[in-house]
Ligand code: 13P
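Single chain ahead, by itself, as structure tokens, in the form predicted on its own.
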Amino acid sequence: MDQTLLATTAAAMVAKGKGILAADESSGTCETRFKSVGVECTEENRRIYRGLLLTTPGVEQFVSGVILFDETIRQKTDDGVPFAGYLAKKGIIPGIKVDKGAQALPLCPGEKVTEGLDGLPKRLDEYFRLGARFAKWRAVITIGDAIPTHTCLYANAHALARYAAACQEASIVPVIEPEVLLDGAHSIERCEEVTEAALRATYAALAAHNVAFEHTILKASMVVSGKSHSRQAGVDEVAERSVRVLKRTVPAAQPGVVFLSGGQSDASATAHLNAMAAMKGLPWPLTFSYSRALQNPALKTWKGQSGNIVAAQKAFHHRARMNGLACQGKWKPELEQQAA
């Protein structure tokens, strides 16, 4: 375990004005998104699309790292340069998704636990050789009638802790993602309660597995109203509740927190991040690790057409810039209008 490398990597991931692009969608998720714009989900089309994102000129000003899928870390640019090496040369840290997806949790109807611990140390060694310096593991917490259960929270916390320990042993910074899903009719009060419980369970498990908080990054859910709840909380309430939960549960020793967008609109994800980052007295930097909230405009512009790549890169660059401002509390809605 190279503690100096871990510390350097973690600090760079949450550098001022920068965040993380999550480009680690599975082939199934890619197929759904590609279908929405009429693009066939082939391996080559996935390479071209991710390539247009990763090679966007100037995006390194706002993107500190990219989470890659197993397929992508083995692919190359049009010029034959491995994506991981290309990113590193631009000053962007390559990362890798290492979990095997959420599966049904036995005897817990409606709940899931993330698989992928078997063979993980060996896979991490290979990913390190391929250039990855951080990794990601996503747990899924659903809010519903009588769920999440204690069983679900602690099964996922245990898996996250074992994953994190394996990462640190391999000199790879673990991104820890206990995602509380946006789907449902629950109130924002219920979301806050569940988010706090999930984080408490996660950090207790991390401590039990001797994980160094100084060498981890939390990928957190924002505390928001359920998608189908009658009252949708405003930006300031989301920011207040989200930060309150983090202050109650996340050690100050941790280098930073990155937020997932979790199905929010592009504008909402940016506005919520901006409101939180603008708060005073935070013990850690807050920034982004977005997938759809960064990629949506680029995907809709590209539509699988080579002639649209430059315009798609411009759209991606704009969203990265907006969120780069938001993680400093400097974003304003009128900046979106100016770009339009």
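So that there is no doubt, residue numbering starts at 1 and follows the sequence shown. Since the model is a prediction, treat every value here as computed from it, not as a measurement.
Missing here is the form predicted in complex with the named molecule; even so, the following discussion is about that form.
The contact with the named molecule in the predicted bound form, taken as any heavy atom within 4.5 Å, belongs to 261 out of 216, 202, 242, 261. Taking the partner from elsewhere, residue 64 is found to have every heavy atom lying beyond 4.5 Å of the named molecule in the predicted bound form. Residue 289 belongs to the set of residues with a heavy atom inside 4.5 Å of the named molecule in the predicted bound form. The shortest heavy atom separation between residue 22 and the named molecule in the predicted bound form is within 4.5 Å. Although the partner is absent here, residue 186 sits far enough away that none of its heavy atoms falls within 4.5 Å of the named molecule in the predicted bound form.
Listed stretches are 132-140, 223-231, 148-156, 191-199; the contact stretch with the named molecule in the predicted bound form is 132-140, by a heavy atom cutoff of 4.5 Å.
Residues of 227-250 are not found to place any heavy atom within 4.5 Å of the named molecule in the predicted bound form.
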